[in-house]
Ligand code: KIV
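This document starts with one chain, in the form predicted alone, laid out as structure tokens.
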Amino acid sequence: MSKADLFLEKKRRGEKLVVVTAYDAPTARIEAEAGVDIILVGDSVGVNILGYAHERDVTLADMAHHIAAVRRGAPDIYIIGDLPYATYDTPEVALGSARVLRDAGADCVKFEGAQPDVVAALTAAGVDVCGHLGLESQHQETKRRQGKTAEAAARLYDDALAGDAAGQKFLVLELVPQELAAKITRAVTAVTIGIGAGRETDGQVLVVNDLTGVTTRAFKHNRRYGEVGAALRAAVAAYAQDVRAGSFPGPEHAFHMAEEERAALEQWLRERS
């Protein structure tokens, strides 16, 4: 049984899956120790870590770099890696891009939109695939809820079924109505992972910067479980104050030469002058 099949079995048993993003080794290690099921190395690395203006600025090299870091931090965890913008336009291009992410350490690749031909090609090549429907950050300028009308919801429902028939193992549903996410979850074999899609998906994912309070903006779909950003600012501000006041480093932070070595150095300096 593959790793992905273990998660499909959890879906059948009704066990909820915990998914969270990570972009570096220390965070990945902490998340693995905390017991998450899956780490998503998302294209959100662009705006959350790299300072890019938009997710579509993220490159394949960026994704491979951060996936490799996460893999080093969490060697045993299942990792889903995002295929960035314009790296999966055709099945052939998608397969080449997926191999780069697999070589970096990803167990599964995710991409946005309904492209069952791409899903089928990757699956046939032995690549685990995670679909992504609803909000598509790479392709939509404005980040707002999707599937609000019956027509739009029906289109997303059909797209989900098409991806499922093509062999996707997972499906992220982002910013869609809970009612629609519930119906899709019951209709597909794939494990559904919700973000802003209500409680009836098979699992949930949040961006680590959002749930820990590194991000200052509040999102309706997010619950802030910590205030890491505020704690980090306070710690750095206190350090800066101590350095400027001369109270850091203190005597307890200094190292000293052995007396005979110090005397030898002073003798050498005297002879040199």
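This is a predicted model, so every value here is computed, not measured. For every residue, the number given is its place in the sequence shown, counted from 1.
Omitted from view is the form predicted together with this ligand, to which the following refers.
For the candidate spot formed by L40, V172 and V207, every residue has a non-hydrogen atom within 4.5 angstroms of this ligand in the model of the complex. Of the candidates A98, V129, I195, A160, I195 is the one whose heavy atoms come within 4.5 Å of this ligand in the model of the complex; the others do not.
Contact check for T215: every heavy atom lies farther than 4.5 Å from this ligand in the model of the complex. At the 4.5 Å threshold, heavy atoms of S44 reach this ligand in the model of the complex.
With the partner omitted here, the stretch from 150 to 158, 172 to 180, 69 to 77, 89 to 97 that lies within 4.5 Å of this ligand by heavy atoms in the model of the complex is 172 to 180. Contacts of stretch 68 to 89 with this ligand in the model of the complex, defined by any heavy atom lying within 4.5 Å, are made by D82 alone.
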